[in-house]
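Only one chain is shown below, in structure tokens, and it's the form predicted alone.
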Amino acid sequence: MAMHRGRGFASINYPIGMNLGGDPSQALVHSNPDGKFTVALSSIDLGQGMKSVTRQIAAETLGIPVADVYVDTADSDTGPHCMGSFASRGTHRVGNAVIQAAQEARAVMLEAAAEELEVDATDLVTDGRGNIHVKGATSRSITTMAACQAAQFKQGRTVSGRGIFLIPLSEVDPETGEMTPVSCFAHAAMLVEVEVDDETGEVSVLDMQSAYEVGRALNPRLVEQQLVGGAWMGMSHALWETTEPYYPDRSHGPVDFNNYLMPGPGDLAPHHISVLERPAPDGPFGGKGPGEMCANPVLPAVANAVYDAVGVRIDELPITPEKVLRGIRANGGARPKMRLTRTQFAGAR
């Protein structure tokens, strides 16, 4: 028996959203009687942080504290239209719609404040702490709460806004049918180190190192947590999760997560992440969001690492011990790929 170590690399370009049908999302923003704001969406938070990031986007656009914004993801029958929470589109599509809606609501709020302060609305600015004041004269101010209440109870204004983000339809080549199905891409690269037991076929992930380009990380901690969780999900898809050979027949197969094979806490590998920020020109405050890209590069990187370790190329997931052992036996034994040392690599050049 021998343990073999290998490293595998993978890089991806991941599309954000779609271009088919314009891929629209809508948002509504309105002030409540207490001067706080509600953002209404039909874009569901699946755990990816949709509420958190749209709350930040709305607060930044309105010029008010994040604590003064509430995001309501109602059901799709009563909320503004959204194509859905898929295709890693949430931050980009919904975030842009929230900006439009918040800009319209902000304009009404400033008009109400201007009437109370007897100045022109273009002379007013917000400080992000719940105040509106005249440019260069901070003593002449009104709170955002007072402005919104004056609008609703004195001036008869509705402090609200509507927003929609729509991708212009791509031109289609009349001869080839070629078109652009997406609007922008995010990018990632990952290096995985594994250890393979040539007697049992078991694969252990020892370390993961990755670099992700996500536009601008609007909430760095959320981005990092999503990348870590997504990588663990990708590792689980690569090495554990399957319903074969029983699907769709459930007899003798897992019926709940007590029987479904997944990695446990002891199987999770250290993950070293580098987030590269390159603000997207069409993204909300430059953001694109990581989305499903979190898990994607792990699968080919693990497969490449197994090949590097024992010379077995597996192209069907998951990479189970049985598949590894069959490959080793078919090859007449483990055949690790020869890796040049730094000195040897320099000489080869």
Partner chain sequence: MAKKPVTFILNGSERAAFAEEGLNLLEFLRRGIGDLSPKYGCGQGTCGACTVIIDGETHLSCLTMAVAIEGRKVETASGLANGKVHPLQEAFMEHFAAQCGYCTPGMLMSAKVLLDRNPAPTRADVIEAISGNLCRCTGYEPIIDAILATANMRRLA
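Remember, predicted model here, so these are calculated numbers, not experimental data. Residue numbers count along the first chain shown, from 1.
The same protein has a further form, the form predicted in complex with the partner chain, not shown here; the description that follows concerns it.
Asker: Any idea which of 133-141, 252-260, 92-100, 154-162 reaches within 4.5 Å of the partner chain in the model of the complex, heavy atoms considered?
Answerer: Only one stretch qualifies here: 252-260.
Asker: Residue 128 versus the partner chain, in the model of the complex: is there a non-hydrogen atom within 4.5 Å?
Answerer: Contact with the partner chain, no.
Asker: I'd like to know whether residue 183 contacts the partner chain in the model of the complex, with contact meaning heavy atoms within 4.5 angstroms.
Answerer: Heavy-atom contact with the partner chain at 4.5 Å: absent for residue 183.
Asker: Is there any non-hydrogen atom of residue 84 lying within 4.5 Å of the partner chain in the model of the complex?
Answerer: Result no; residue 84 lies far from the partner chain in the model of the complex.
Asker: When the contact criterion is heavy atoms within 4.5 Å, does residue 265 count as touching the partner chain in the model of the complex?
Answerer: Heavy-atom contact with the partner chain at 4.5 Å: present for residue 265.
Asker: Can you pick the one in 170, 76, 209, 236 that has a heavy atom within 4.5 Å of the partner chain in the model of the complex?
Answerer: Here the answer is residue option 236.
Asker: Using a 4.5 Å cut on heavy atoms, which of 146, 119, 166, 228 is close to the partner chain in the model of the complex?
Answerer: When the partner chain is considered in the model of the complex, the option within 4.5 Å is 228.
Asker: What are the residues of 41-79, in order along the chain, with a heavy atom within 4.5 Å of the partner chain in the model of the complex?
Answerer: The stretch touches the partner through 46, 47, 48.
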